[in-house]
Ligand SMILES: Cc1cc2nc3c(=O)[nH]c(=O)nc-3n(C[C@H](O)[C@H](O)[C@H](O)COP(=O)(O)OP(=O)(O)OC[C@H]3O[C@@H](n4cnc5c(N)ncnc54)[C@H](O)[C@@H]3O)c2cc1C
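Shown next as structure tokens: one chain only, the form predicted on its own.
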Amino acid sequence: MERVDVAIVGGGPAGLSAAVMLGRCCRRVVVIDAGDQRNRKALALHGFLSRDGIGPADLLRAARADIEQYPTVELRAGRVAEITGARGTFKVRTEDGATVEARRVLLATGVTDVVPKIAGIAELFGRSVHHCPHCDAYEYAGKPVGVYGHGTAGREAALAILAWTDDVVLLTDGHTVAARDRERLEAQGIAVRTERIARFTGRDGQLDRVEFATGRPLRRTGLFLATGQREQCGLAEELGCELTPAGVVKTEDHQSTRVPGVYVAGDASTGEQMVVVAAAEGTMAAVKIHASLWEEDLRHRRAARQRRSNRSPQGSARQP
């Protein structure tokens, strides 16, 4: 069975950033990537110093080119079906049946946004329907924007968008709004539409209007979802990692988890969910992983030297 120092599951910014750092530490690494990154449908990513506005696919191509200079790092296309074993001897099996033994595992599998099943939204998602205002709201500054959600999440998301535009409408898609919430929203100039939504319409990825089952349509140029997310896969939970109430993995120092030898970086872990943060978390995890491996390596080196010394014939020491 092939044996590596680290198996990284997920080839997005977190996984690739970790792979670069581990490659620089001369670690043997395999990155297994299914190719379903969260932002793959987005036109551009933002907030990444020197890369603001770059397309997600372009960033990944540049990152993979960086990795090519490190001969100990291998990128593989595939989906991990199962991870078994424990620290030092994890067995990582892909759907095609291949298995790698890894001393450490880094999960950089990300999350999947919950997108409501409403006609027209799939064609708009990532282009004029978004989940993160910090990433995409700047392009809608001063424009008419909708927020899809209900309850506390919907209310707070609608209030947050006021940092970019005053023309905000909360769409609850049939959910009622508590009187206290409605009063707070309307006091800030945010209108509320509670009718069921029939469809979103637009052209070439650009939202034009929201059509309701009853009532007049609403023209909007952008929409932000407050619908939550879920882990991209169940590997972390299957390994015994602890999840937060928000559904992401609880991490500790340098992206470590409660499971020895398992690390989680990127959107699948706690913290801000941005590309630049995911890349930083990947690097932090890599530094910690290398340090933990090096402690073991030093013990093995010391033990090997001791064994060689014990096997040396008596009297072989150099005479004065």
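Residue numbers run from 1 along the displayed sequence. Everything quoted here is computed from the prediction, not taken from an experiment.
Same protein, other form: the form predicted in complex with this ligand, not shown, and the subject of what follows.
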This ligand contact in the predicted complex: Ala44, any heavy atom under 4.5 Å: yes
4.5 angstroms heavy atom contact with this ligand in the predicted complex for Ala34: yes
Proximity of Ala18 to this ligand in the predicted complex, heavy atoms at 4.5 Å: no
Contact flag, His131 vs this ligand in the predicted complex, heavy atom cut 4.5 Å: yes
Location of this ligand contact in the predicted complex, chosen stretch of 119-127, 246-254, 214-222, 190-198 [non-hydrogen atom, 4.5 Å]: 119-127
Residues of stretch 220-256 in contact with this ligand in the predicted complex (4.5 Å, non-hydrogen atom): Gln232, Cys233, Leu235
